[in-house]
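The form predicted alone is given below as one chain in structure tokens.
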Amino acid sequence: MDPAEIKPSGGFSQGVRVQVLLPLPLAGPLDYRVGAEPLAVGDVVSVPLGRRHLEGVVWGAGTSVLPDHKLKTVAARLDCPAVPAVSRAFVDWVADYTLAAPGAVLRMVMPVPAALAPAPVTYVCRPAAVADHPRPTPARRRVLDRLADGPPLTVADLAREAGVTPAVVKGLIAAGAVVLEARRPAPDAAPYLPAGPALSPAQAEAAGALTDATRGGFSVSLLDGVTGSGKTEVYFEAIASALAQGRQVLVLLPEIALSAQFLSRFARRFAMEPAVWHSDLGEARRRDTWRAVAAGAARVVVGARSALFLPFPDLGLIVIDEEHDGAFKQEDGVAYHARDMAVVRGKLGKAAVILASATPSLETLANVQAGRYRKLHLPDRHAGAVLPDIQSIDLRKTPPPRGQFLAPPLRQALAETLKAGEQAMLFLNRRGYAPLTLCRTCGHRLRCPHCTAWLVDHRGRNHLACHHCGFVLPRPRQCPECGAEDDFAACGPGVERIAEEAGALFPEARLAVMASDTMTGPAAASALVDKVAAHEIDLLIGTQIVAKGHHFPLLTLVGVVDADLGLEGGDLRAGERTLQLLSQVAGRAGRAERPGRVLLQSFDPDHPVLAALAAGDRDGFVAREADSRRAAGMPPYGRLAAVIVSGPDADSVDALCRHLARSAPSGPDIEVLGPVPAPLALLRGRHRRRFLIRSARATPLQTRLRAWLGANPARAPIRIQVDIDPYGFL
């Protein structure tokens, strides 16, 4: 489906009907009458809805369906930047593609209501034009000297920089020596773009191609480079080119809250801080960032997937780093893949798009083969570093000691690495201490009361938790089934248990655990990364977040505790995902002068994924995977959609599913499978059933689904969610 043309904006005078789209899951825009103030398409307005007033966006000319006497009048146009035409076209396209309500997509464009209010006035201090200052104490003199030597500052900032209390500043204001004035935003200055580092011939060639792309309108380029090949420095050149043209830039990262090293590298390269956008920001900062983006003042934004929906008026370049990463897929609410939607956003806004990865997704590689994307290749690590040696440890031949999880070859490698003064990493993609706790007496397993999931033991916090709904249970002493006391067994390892074992083996080593539930926020993650980089940590133990592009020069050994994890189950992308994840983890080793090695513990070292990793045969694995998908008509050579029906009452959900099954579309080009209970058949107290729809690439899948589901609407509290191009099957 190609993006539609951007609709031209229009003006509307008093009394004219207009459509206003509200950030609500409604079927479409609502009609209102223009008041005394003229309006234009894209204006943000306040309108009455029932007994309340809501903010919305003027979407176009009104219809004639509603009688004039039932029309309500727009209450006011808000003093904030209008939503650009390209953002409105993007909302319409995403809603049409994902079968989501347009207002639900608009809510992602307008996620911070405070940003729609008038911009708060900030008052700054400047010195008064007087000859004599009262009581020139040392503290007051520091304040006046700071004002004389620098720009105007707020009371709080001036006090902090002068090393005084705010009361000293306020005393000078009361005495007339310092005056307050409203801060006026300064016009944007042209960015200072210092020259980047010297590039290798391969890097320079790729950088030149990407720089040219930023001057040529819409294009999509895959930057395919091995881990440590310097992909970031290459696309930094494209960012510099876009900035030199006066256009905005968006960089999407899979884990923005854990990307302190990236932000530091960006600041060193461009001598400025980018705007940052992710869910951990406070509301005030999100408000200011949204307004700066909408006004064109934010030149570069580094963000998580939701940053794609910010209202950029002149977005010239979009970079999706680690484009293969599953974090770019949103499954709750509006289900979309940020990588694919970024390509659409680039086409609508005539922007260049760069997809960067050491392990590109099969979808991206298929687009390269079809000629829709250009591929640029970096085959070698930067500055002479070599790729790590990857070997498998057969756990059938060299098992760990009973009740432990590190096999003898891995233990020996850890001892050698630590003795040499180098760093090591142990990887296990499982949080907590143990994924399952059961009673030794009766076999009862502790499970979540709201989800089809076992409770995960978190010893550090002395509780068990559900990783799906957040339910927490203090560690019980008695079995709720048989009453046995203190007879629970922890089954299987999580990273906390691996850390416990490693700490006992190497008591002198400085250990740290890095997982999403041990990092309390971006600051904690940044601090831990800095400690590892400074060699204040000898052994890092972590989940998949340790694989997110970190550069640790002294880290030479990576041990994967359970390389088989993720290879089983019905996920058609299980092999591809495991290869990508383990390749990224392996890429943390040997990134500087010292060579690296990677040890994969497995009960099936001959599995095609592990064999490909050990042989360095990524392309061979991808080719075989592509042949298998093509033969089965699976993505990217066929299309999939998921329909999830959920509700608090299982019988009501099943009744609607039976009705849907009787009227499901059929034909030689489309197949509807199900309904069946989802693997997570109970999630957050809601019973879930799934349909899987498979079709040919040429089938108008959205049209068929829209007709089917439109004839069988759900009534609250039952919900129907559609996931076009699903990545998860839980």
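Here the structure is a predicted model, which means the values were calculated and not measured. When you see a residue number, it is the position in the sequence shown, counting from 1.
Omitted from view is the form predicted in complex with a small molecule, to which the following refers.
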query	finding
Residue contact check: residue 556 to the small molecule in the predicted bound form, 4.5 Å heavy atom	no
Distance check, residue 197 to the small molecule in the predicted bound form, heavy atom within 4.5 Å	yes
Interface membership of residue 265, the small molecule in the predicted bound form, 4.5 Å heavy atom rule	yes
Residue 625 within 4.5 Å of the small molecule in the predicted bound form, heavy atoms	no
Which of 72 to 80, 652 to 660, 198 to 206, 577 to 585 sits within 4.5 Å of the small molecule in the predicted bound form, heavy atom basis	198 to 206
All of 226, 551 and 591 with a heavy atom within 4.5 Å of the small molecule in the predicted bound form	yes
Contact residue in the predicted bound form, chosen from 88, 339, 231, 345 - any heavy atom within 4.5 Å of the small molecule	231
269, 597, 382, 247 - the one with a heavy atom within 4.5 Å of the small molecule in the predicted bound form	382
